[in-house]
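In the block that follows, a single chain appears as structure tokens, in the form predicted on its own.
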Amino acid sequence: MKNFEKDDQELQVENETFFSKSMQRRNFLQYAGASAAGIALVAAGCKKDDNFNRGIDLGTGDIGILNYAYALEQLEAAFYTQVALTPYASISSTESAYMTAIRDHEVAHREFFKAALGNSAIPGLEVDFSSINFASRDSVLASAKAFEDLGVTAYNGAGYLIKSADYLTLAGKIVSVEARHAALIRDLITPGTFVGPDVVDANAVNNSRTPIEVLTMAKKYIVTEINASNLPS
């Protein structure tokens, strides 16, 4: 599949003003907010892995974590853009509206990270969705569920690695949107299953995954090699 950033340019109009490429870092911090109070992200370890010590370097410190999030948002934006371009068979108008709304959210997240990172942003990633049948509702929703659940656990698992309170606040704001997506997709598959024991523990705390765990799961869909060896731990 060719670089997807060129495929969905026509879908950016609604977000172009706020998420302009000319956005400066000071705007990013202002949007994120001044405090991380009230955000409870589950801590999980980040270990190095030989499978992620080559390719595009995510970077170090907070920049590395933001690029990590940017990579995942690229993946999700590409997936929902394809869903919108090739709707599955007999999709209802309601479900079409849901898929379009989620696509817009993910595209907005992607463009926000890209603008905020500026020259430190990794390039657009090449993705491979050949294992997904976009003509099948079951295949699309199962894939959406996997992507959304993975995204939530990714933000939760990387939260404690973020040093900047402003960036942590932003992560908390974005993961809450991703969790809304995850709940909606689960209910579309089976009504009333918006949350379950497979995503939360006995204390009703959402599960988390380390960056290496997340990237290992996402590698099936990302052709571009990613170097995560310099991420904080």
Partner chain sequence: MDFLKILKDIETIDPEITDRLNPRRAAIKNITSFGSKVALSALPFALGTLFNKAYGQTSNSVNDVLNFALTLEYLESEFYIKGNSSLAFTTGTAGNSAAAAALKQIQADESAHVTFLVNTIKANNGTPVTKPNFDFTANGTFNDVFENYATYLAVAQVFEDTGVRAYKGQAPNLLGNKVYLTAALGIHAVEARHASHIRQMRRAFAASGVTGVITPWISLGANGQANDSGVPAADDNFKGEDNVMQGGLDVTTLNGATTGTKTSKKIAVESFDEPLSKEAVSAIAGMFIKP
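Quick caveat: nothing in here was measured; it's all calculated off a predicted structure. Residue numbers count along the first chain shown, from 1.
This next part talks about the form predicted together with its partner chain, which is not shown.
- Its partner chain in the predicted complex is not approached by Ile122, whose heavy atoms all lie more than 4.5 angstroms from it.
- Proximity of Ala101 to its partner chain in the predicted complex falls within the 4.5 Å heavy atom cutoff.
- Contact between Val175 and its partner chain in the predicted complex is found at the 4.5 Å heavy atom cutoff.
- Residue contact with its partner chain in the predicted complex: Glu76 places no heavy atom within 4.5 Å of it.
- For a residue to qualify, one of its non-hydrogen atoms must sit within 4.5 Å of its partner chain in the predicted complex; none of Leu58, Gln82 and Ala144 qualifies.
- If you take 90-121 and check each residue for a heavy atom within 4.5 Å of its partner chain in the predicted complex, you get Thr94, Tyr98, Ala101, Ile102, Arg103, Asp104, His105, Val107, Ala108, His109, Glu111, Phe112, Ala115, Ala116, in sequence order.
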